[in-house]
Every structure is written in structure tokens, then in C-alpha cells.
Ligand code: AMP
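To begin, one chain is listed below as C-alpha cells, in the form predicted on its own.
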């Protein structure tokens, strides 16, 4: 598989793109495994970040809440350190070329390729009656990537399959109509472990209600940590780095003498766990405090501030996407 890892020593790629669904408040697992990685990449790469609201409507949602979640997601990413001067942030539905290219690519991808996608199988099991949008999700995702001539796509190991399908779509189009698309590679940070949920059951997930959210108050963090499972059963199979608990994450973030001693006493000797949990809650609350403060400052500016920011960025994204679509239309005979 042609992919690049976090420790790859090759020359950095020139353009990176990633998307996120506006599904609600981000949690500390998102911060460590996704947002922090983007914050690092933006220092040396040209980054694009889009809010995937078209993907969000493939599963049940509340229309009145969707735009609010889009605004809130952008606000959270800015609060967590994504620099708008280094990363172009825009909303997927505001760039119509995404759906245009998605349709063209869907005409090239075999049904069998889409049927074998793991995410489609999982969502089908959850929602029983999948819609066409959910089935063709990977074609739109391929369009999201190929529109911007991206070199790398940061993903977790579970999303590599989608990038591989994007590569397949690019190659099929290039073979049929001539060299048009750059073929991207997945960027997998193998050193970024998934965070186990506070209940010790599977990964941290909003749908499971086992998260420590970036905007949780110190009081809420304290309550959640006091109830969190210290030594859950480990999953027997996993991809990438070994999943870690919120406590192991804490010990990595605060490797001091007090942490080491209390952690050992609690994990190995089953004593002083109350003191250890209080230390964890205190340190994590302080760790997230700058994000909460920055978020409050952005929220005080109102939604209109984010809307103006997104409107300007949509113009930039459309201009880039249209350059690609002109090549696509000419190559495929649509112009």
C-alpha cells in the first residue's frame, strides 16, 4: 500500500486536505488523534480543511441544528489551534464542484467497489435502510480530495480504505480520459493511539457518550474522571498504535514525579486512586483551559464573524476547485 507514515523522512508534500463531519462537540480523542496532527502539518504544508456537511446528511439529522453545528465545529478547530492564515477552512456544500465531480466519479466506480466499503457496511447495520447518498459517500469523498490536487490525506487506519478508493478513481479517470488528477496518498500517524472511552468500552465516541469534551468545565471533567474506568479490558485486535486510556494519555502529557508515583499506586497497587483521579482531572482541566478560553472569545464575536470568514474562504475554494473542473470537463467531453 502506497502510504506515508508520521515518521516518513521523505520530502514533505505540498498540499494536504482533510474533512470533518459537523457532528457535535469535539472531544480529547479528536484533539490528540486529529486536530493536533493538523496543527503540526500546517507549519510546513499547505493545508485545506473542509466541514463535510453534505456527508453529514447521509444519516439522520436535524435540519435546524446542522448549520449551527457547522459554525461550532469551525469555532472549535480555530480554538484548538488551526491557523486560518495557514489552513484554508471552508464548508463542503458551499463549493458546488464537489457534487459535480462526485457524480462524474460515481459513473466510473463499480458498484462492487462501493459495496465492499467497511463504513457503508457499518452504517447499514446501524440504520437498516441505507440511502443512496450513504452508498455513494466514497465517490463524493474522492471528489473532495481530487478537486484540490492534494498530495496527502491525513486519516486514521480505519479510513485508509477510502483514500485507496480515491486513488482507484483517479487512476480510472486518468486511464480513460488522459492525465488529469494527481493521485494522493494516505497519511497515517502510526504513533497516534486511539483513546479508549471513559467507560472502558471501545474507543472514545460521542455516540457512546463516553467522551471528555474539549469544552467540558473543570467541574464536569472532575465528575467524569472520578467515574472513569482505570484498568479496562484491552481490545484483542486493533490497527495502528495500541489504544490507551484517558489515564495513560494523562501520564504521557504530565510525566512528572507526582504523576508517576500516584499512577503506579493506583494502577498496580489499587490504592490512592481517589488522589490520582483528582490529579488527572486537575491537570486535564488546565490542559484544556486555553481551548475553552479561545472558544469563548470566538463565541463572543457571534456567528456572523464565522459566517463572514467562511464566505470569503468559499470564494477561494471555489476558484481552486473550478480550475480542476475545467480540466475534468474538457477531458471527459462535457465541454
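Keep in mind that what you see is a predicted model, and the values were worked out from it rather than measured. Residue numbers count along the first chain shown, from 1. Here the rigid core means the biggest group of C-alpha atoms that line up within 1.5 Å when the two forms are laid on top of each other.
The following text describes the form predicted together with the ligand, which does not appear among the structures shown.
Novice: Out of the stretches listed (156-164, 91-99, 143-151, 177-185), which one is close to the ligand in the model of the complex, meaning heavy atoms within 4.5 Å?
Specialist: Correct option: 156-164.
Novice: Using heavy atoms only and a 4.5 Å cut-off, determine which of 204, 76, 87, 262 is in contact with the ligand in the model of the complex.
Specialist: Selected option: 204.
Novice: Just to confirm, with a 4.5 Å cut-off on non-hydrogen atoms, which of 198, 193, 139, 170 contacts the ligand in the model of the complex?
Specialist: It is 193.
Novice: Would you check, heavy atoms only and a 4.5 Å threshold, whether residue 33 touches the ligand in the model of the complex?
Specialist: Output for residue 33 is yes: heavy atoms within 4.5 Å of the ligand.
Novice: Can any non-hydrogen atom of residue 27 be found within 4.5 angstroms of the ligand in the model of the complex?
Specialist: Residue 27 belongs to the contact set for the ligand.
Novice: Answer with yes or no whether residue 327 is in contact with the ligand in the model of the complex, where contact means some heavy atom within 4.5 Å.
Specialist: Flag for residue 327 set to no.
Novice: Determine whether any heavy atom of residue 21 comes within 4.5 Å of a heavy atom of the ligand in the model of the complex, and answer yes or no.
Specialist: The answer is yes: residue 21 has a heavy atom within 4.5 Å of the ligand.
Novice: When the two forms are laid on each other by their rigid core, does residue 310 show a Cα shift of 2 Å or more between this form and the one not shown?
Specialist: No, the C-alpha position differs by under 2 Å between this form and the one not shown.
Novice: Take the rigid core as the frame of reference and indicate whether the C-alpha of residue 97 shifts by 2 Å or more between this form and the one not shown.
Specialist: No, residue 97 moves less than 2 Å.
Novice: Would you say residue 73 moves its Cα by 2 Å or more between this form and the one not shown, aligning on the core?
Specialist: No, shifts by less than 2 Å.
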